[in-house]
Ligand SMILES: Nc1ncnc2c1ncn2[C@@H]1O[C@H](COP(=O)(O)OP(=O)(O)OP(=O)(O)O)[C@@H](O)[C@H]1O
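The chain below stands alone and is given in C-alpha cells; this is the form predicted on its own.
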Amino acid sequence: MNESIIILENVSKTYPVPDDKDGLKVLRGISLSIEKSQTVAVTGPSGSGKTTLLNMMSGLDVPTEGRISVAGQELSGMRADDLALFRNRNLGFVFQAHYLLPQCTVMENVLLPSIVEQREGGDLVQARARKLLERVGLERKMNSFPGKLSGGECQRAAVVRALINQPKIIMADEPTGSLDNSTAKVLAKLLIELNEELGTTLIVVTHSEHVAEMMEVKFRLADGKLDSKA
C-alpha cells in the first residue's frame, strides 16, 4: 500500500455572511487521502468550492473545522512564514493564467521560485531548468519573452516553473481553462508524463471531463461534498 501524502479529516469551510449567522457553507465534512505519485482530478460546477479545497491543501486558506496533513506536516497552527517556506519546498502551482512576468525571459521566469531559498548552486538549478525546458519542447524559447510565446507555450513554461524546486506535489487549478481543446489535451498529457517520469503527485482542478478522465483518481465536488468517480 502506498503512503498517503495528503490527508484531510472532516474538513469544512464556512465563510461569514452579513446578517446570516450560519454563513456560507462551502465544504462540509470532507475526508480524503491522496497517495504519493497519484494523479487526481477534482471536478464540479462553478462555485462549488474546488479552488477553496485546493487552497486549503496548500495552506493558502484554513478550514473552519477539520485537520489537513500534507507531506507529513500538519498545516494547522503553522506560522505564515513557515507555511510559505513549506510551500516553496514541497509544492508547485500551475494556474489557468500562466502568471509569467512579461519583463523576464522564459528561463528567468522558470528560475524565480529557486531564488526564495537557494538550497543548491545556481549551475545545478539552471541545468535542471534547461533539461526541463527541453523536455517540454521549449529549448529554443529559453531566452524569449512571454509576449513572443503562444498560450500553450506559456503554460508549458509555467509547468516547468512549478517543477524547478523538485516539489513533492503539483497543484493545478484549471491549467487548461484558457487553452483550445487540442492544446489543452497536449498540456494534460504532458502533466501526466512528467508525473510518471518524476513521481510527483498531481492534483488537477478542472471543468474539463476529458482532462479528468486522464487522471487515475477522480472526484466530483457538489453541495459541499466530495464524491469519488473512480
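All values derive from a computational prediction rather than experimental measurement. The first residue of the sequence shown is number 1, and the count goes up from there. Heads up, when I say rigid core I mean the largest set of C-alphas that superpose within 1.5 Å between the two forms.
Not pictured, yet referred to below: the form predicted together with this ligand.
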| item | value |
| --- | --- |
| 4.5 angstroms heavy atom contact with this ligand in the predicted complex for H210 | no |
| is_contact(S37, this ligand) in the predicted complex, heavy atom dist at most 4.5 Å | no |
| Contact test in the predicted complex: S182 vs this ligand, heavy atoms, 4.5 Å | no |
| Distance check, G199 to this ligand in the predicted complex, heavy atom within 4.5 Å | no |
| Proximity to this ligand in the predicted complex (heavy atom, within 4.5 Å), stretch among 48 to 56, 188 to 196, 161 to 169, 62 to 70 | 48 to 56 |
| Residue (of Q96, N88, Q126, T105) lying close to this ligand in the predicted complex, criterion heavy atoms within 4.5 Å | Q96 |
| Contact set, 5 to 28 vs this ligand in the predicted complex - heavy atom within 4.5 angstroms | Y15, L24, V26 |
| Per-residue C-alpha change between the shown form and the other one, F86, threshold 2 Å, rigid core fit | no |
